[in-house]
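Given next, in structure tokens, is a single chain: the form predicted alone.
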Amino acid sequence: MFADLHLHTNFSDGTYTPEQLAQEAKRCGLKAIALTDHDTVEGCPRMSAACQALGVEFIPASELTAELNDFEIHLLGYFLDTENATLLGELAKFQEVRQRRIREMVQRINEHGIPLQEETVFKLANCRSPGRPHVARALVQEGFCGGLDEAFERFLKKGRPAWVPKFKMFARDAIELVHQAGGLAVLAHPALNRNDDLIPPLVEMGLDGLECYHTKHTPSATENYLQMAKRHHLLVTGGSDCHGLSKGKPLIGTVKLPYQRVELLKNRVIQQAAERGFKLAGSPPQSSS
């Protein structure tokens, strides 16, 4: 029995609807999945309903962008209370910043002679949490670039003409935001940070786990982070970071986290929920009886 705990839908920069993603999870034989859309939990109610109908266990989650010592990191918050007022208030701020970032990107593209309209990007994104992939898709859709790779190379990568820095909250604040919403804070794809020195201070701030299994982790990187998680008494998670069909073949199910790791996550969040007076977030699989 396996899980995939890093997945995106069209509520951020994925292409699948929650229902389509749930169907893909069922097709892959996954026992449990988490929805980790960027800076939003809006897709979680639909995903929960779709998973319950299919007998797939669902964990509500989100991926937050944070900063530590001038390094950008991504934090995955699992078992979030999706009706938590503080969480929703902060996510709304992040979404507004994302929308402003899109407008600035489009303006910079316009300044280089490309008449892309911001309305085109927002219509294509059709969500409150747009990102660079939506700008790239719009450039391709309107015929200004031949593909997504070209769009990023010409305009959207760091150092390119339309690159705009992300808003990043302080890592400690992000961890505290996850905890006050009843969740567990996990460092996403640590190998991509290329700075393992960030992990000990994050642990001191209350980090709960490491995403040891990831599509872009080599076997040696996975083993390194498994050992690091053991050394720091951290939980272990993993996921494919699937964004649907935006990058060709969907990645869902290509990273298989043993379900025992999910049980350990649930045990920890139940323990913390009891200590803090929270109710466990998530939907159990539908009974087969």
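Note that residue numbering begins at 1 and tracks the sequence as displayed. Remember, predicted model here, so these are calculated numbers, not experimental data.
In what follows, reference is made to the form predicted together with adenosine monophosphate, a form of this protein that is not presented.
Shown alone, this chain has one stretch from 173 to 181, 201 to 209, 126 to 134, 78 to 86 that lies within 4.5 Å of adenosine monophosphate in the model of the complex by heavy atoms: 126 to 134. Within this chain, H243 lines the site of adenosine monophosphate in the model of the complex, having a heavy atom no more than 4.5 Å away. Put simply, F155 is far from adenosine monophosphate in the model of the complex: not one heavy atom of it is within 4.5 Å.
In the model of the complex, at least one heavy atom of K166 sits within 4.5 Å of adenosine monophosphate. Interface residue remark: E24 is not counted as part of the site for adenosine monophosphate in the model of the complex, having no heavy atom within 4.5 Å. Residues H214, H217 and K256 are none of them found to lie within 4.5 Å of adenosine monophosphate in the model of the complex, as judged by heavy atom distances. Contacts between stretch 82 to 101 and adenosine monophosphate, counted in the model of the complex as any heavy atom lying within 4.5 Å, involve R98, R101, listed in sequence order.
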